[in-house]
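Before any questions on how it binds or moves, here is one chain, the form predicted on its own, in structure tokens.
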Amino acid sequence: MNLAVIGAQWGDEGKGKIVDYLAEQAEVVVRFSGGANAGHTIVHKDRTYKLHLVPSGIIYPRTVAVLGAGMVIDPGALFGELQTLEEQGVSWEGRVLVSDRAHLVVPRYRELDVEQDRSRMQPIGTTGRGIGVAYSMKAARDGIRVVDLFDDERYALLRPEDREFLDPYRERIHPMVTDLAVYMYHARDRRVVLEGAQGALLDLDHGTYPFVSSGYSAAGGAALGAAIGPRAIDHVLGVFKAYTTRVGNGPFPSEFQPDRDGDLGDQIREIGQEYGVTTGRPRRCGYLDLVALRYACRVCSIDALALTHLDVYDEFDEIKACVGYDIGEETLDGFPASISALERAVPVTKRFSGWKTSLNGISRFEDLPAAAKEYIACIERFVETPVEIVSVGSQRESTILRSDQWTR
């Protein structure tokens, strides 16, 4: 069974924890897109793991972690991350594979990334990791693939500075390289998690373009990046937070505004520790945007949702969610393609009563406070998609499973 796990907002939804939770029963986890600009945090027992390139299932000794064909990989960052995992007691050799068709990031891409963003009329606010440049080189057919490291004729065509950077990694990465199409064919009867990066609203085609990532983060990308056909995806799980966050520039209709919402944004940021894993940048925070979430559910054919960070609202008297956009004299209940419209949008909100009690330690949905269950029920009605996983804390044990995601 191939189970795709994607972000249903602008990234940072808690995918790492959800993939970790599901990976205990999986045999393979394939990261299908993105690069070292992504950051997934996993809290397992007394340890915290911060991952950027390596799939989240790596901490389980029997799980194979695969860097898929849709990824752009900085070899230096990859082996630095693997060394950190080893120092944390994770034995990875023989369990980390890299698609021979994945593309590579070299140092000059990072320099170009920063320079390009600085020169834009509207800077996007990239992480400066060279990800966008790697994808643009790929599209321009000037990229460097993993397989090119072992093709002497092809390798000789690379710039001298690129070869100088890549030379130390050729021998190290060689045992990890695999033909992913063949590998996935032989894994067709196994439990496989297809792990996304960023979120659907940052997808190059379906996100808030041009303020998007350069890869595919919508569910359709899972098939391409994992070297399988779309009919081989059995289930799509979308992950979202009880509120909404965004990193970098771009429209954010439900973002908290000090003149309207006081210090609510600062409160949520501190309680939820909303700072980027990769950059440390504070995340922009806002009301849960149900309009955008419903759009993500539709464009990604999401079968079920995983709600995270619900416990962040434990002490609030009242909670609001965005259910529409006021744009001038018009009220929209759909997610427009126009960036100008999204930037003008004022959120129409619905109020909910807070539960004013800690959700810590709750393991059954039935034991949640009535107000929390009503908040979840309203989300389900609006987006027409069931919430089947509820996370009430960073620990793996703080997860409520309403339905077995491996049973279909």
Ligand code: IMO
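All of these numbers come straight from a predicted model, not from anything done at the bench. One rule holds for the numbers: they count along the sequence shown, beginning at 1.
Missing here is the form predicted together with 6-O-phosphoryl inosine monophosphate; even so, the following discussion is about that form.
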Looking at the partner-bound form in the predicted complex, is G128 within 4.5 Å of 6-O-phosphoryl inosine monophosphate by any heavy atom?
-> yes
Find out whether any non-hydrogen atom of A181 is located within 4.5 angstroms of 6-O-phosphoryl inosine monophosphate in the predicted complex, and reply yes or no.
-> no
Taking heavy atoms only, is L290 within 4.5 angstroms of 6-O-phosphoryl inosine monophosphate in the predicted complex?
-> no
4.5 Å heavy atom contact, D12 to 6-O-phosphoryl inosine monophosphate in the predicted complex | yes
Would you check whether 6-O-phosphoryl inosine monophosphate, in the predicted complex, lies within 4.5 angstroms of a non-hydrogen atom from each of Q198, L202 and N249?
-> yes
Name the residue from A345, V29, V54, A38 that puts a heavy atom within 4.5 Å of 6-O-phosphoryl inosine monophosphate in the predicted complex.
-> A38
From R281, R154, R172, R298: within 4.5 Å of 6-O-phosphoryl inosine monophosphate in the predicted complex by heavy atoms is R281
Work out which of the listed stretches, 316-324, 209-217, 258-266, 158-166, brings a heavy atom within 4.5 angstroms of 6-O-phosphoryl inosine monophosphate in the predicted complex.
-> 209-217
